[in-house]
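Below you will find one chain, with nothing else, as structure tokens; this is the form predicted alone, and questions on how it binds or moves follow later.
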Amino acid sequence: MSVFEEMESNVRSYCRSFPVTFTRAKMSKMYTEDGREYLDFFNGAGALDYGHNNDYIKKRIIEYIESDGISHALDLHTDAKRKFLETYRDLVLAPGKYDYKVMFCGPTGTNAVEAALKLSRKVTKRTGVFAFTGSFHGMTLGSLSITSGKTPRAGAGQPLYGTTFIPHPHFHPEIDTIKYMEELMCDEYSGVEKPAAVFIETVQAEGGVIILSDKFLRDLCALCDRMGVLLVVDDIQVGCGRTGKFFSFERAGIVPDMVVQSKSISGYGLPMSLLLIKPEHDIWSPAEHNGTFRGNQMAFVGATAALEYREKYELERKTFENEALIKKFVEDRILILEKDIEYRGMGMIHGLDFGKVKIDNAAGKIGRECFERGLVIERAGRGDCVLKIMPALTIEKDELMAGLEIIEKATRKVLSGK
């Protein structure tokens, strides 16, 4: 029995799928203690958009540490925070004409979701919220209340209240979802109170790479404006350029009332989360939502460098180029293998859905075969039936092709039954 099995809680999960010990990593490659090399299509569950140990970002962090820069400051003013805010304003908010206040939350995305829940209720003086079936917003009690999966919800150990789950239009195309929500809000006999907010993921990542259309996003934003309901976009996993533009909702031309960011915002896998708030909704009293680690100084340094890196190396352009590459490969070389494979994707998040393939646990078997061939790749969706292609935005084209070829070979082997 290893020390991990001996001492670590049963709650550990990813290590069960990838049972090796990693010792180092560089950009899109990870290495085990016995020297084996793996391509990384898992990407720290979306926290490593700029790759492992990106030299540009790493240099800034090391220089900051060696200069005895402030390491912990709660929400005190610091030079590191000022530089991040200025860079974020100049490179992200100003070009998109977004007028948001920035709130620094606890270290992980779920804390920023909790803040958005609290603030939505404080602003509207209403308590209920709408979320979609298939959603994942975090594992703390508030975030879990708007997460739809039965397995994570069961871990709460208590009933979870306050959320009306709306059928996702991808799985229920026969329902006019916008009209359905409007009727719930307006019909005095619906049994549902008007919500404080609607929480959405423009692309459900953990839900199986389920994409809301541009039109749907625009119609939903218009409904929320019309009804006086706040629209909150959870951009934790699919923001920071994952879908191409920095924000995943930019493609639809909407401006949500609040936006939640975490994972890759720090640029280096360091804990950091923030909540963007339209100024008229920023009605917090001082310290009404705080936390000891809401000012991760090294994360500010990394985040500043990451934003600069994104501009300098044109990651938006590269993401759209790789999107076309992935789509062509999947359509030409994977979808032809089995008519029941479904495919969805945009930017640098794509999903191969094996849910209808008549092989038990096909995605799990293909994922294991990929790992045996040197590729770390995650599964998602109902029954973990979706193989999620989510490499770093910085991945080299030869590495991207090599990873896709591993998926093709693994899929061929599993579908052949050999």
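Keep in mind it's a predicted model, so treat the numbers as computed, not measured. One rule holds for the numbers: they count along the sequence shown, beginning at 1.
Not pictured, yet referred to below: the form predicted in complex with a small molecule.
Out of the listed residues 110, 296, 243, 304, 110 is the one that sits within 4.5 Å of the small molecule in the predicted bound form by at least one heavy atom. In summary, among the residues 329, 309, 284, 136, the only one with a non-hydrogen atom within 4.5 Å of the small molecule in the predicted bound form is 136.
Looking at 80-88, 164-172, 136-144, 149-157, the stretch with residues near the small molecule in the predicted bound form, meaning non-hydrogen atoms within 4.5 angstroms, turns out to be 136-144.
Heavy atoms of residue 236 reach within 4.5 Å of the small molecule in the predicted bound form, making it an interface residue. Though the partner is left out of this view, residue 219 does not reach within 4.5 Å of the small molecule in the predicted bound form, counting heavy atoms only. Remark: residue 257 does not count among the residues lining the small molecule in the predicted bound form, judged by a heavy atom distance of 4.5 Å or less. Within 4.5 Å of some heavy atom of the small molecule in the predicted bound form lies at least one heavy atom of residue 201.
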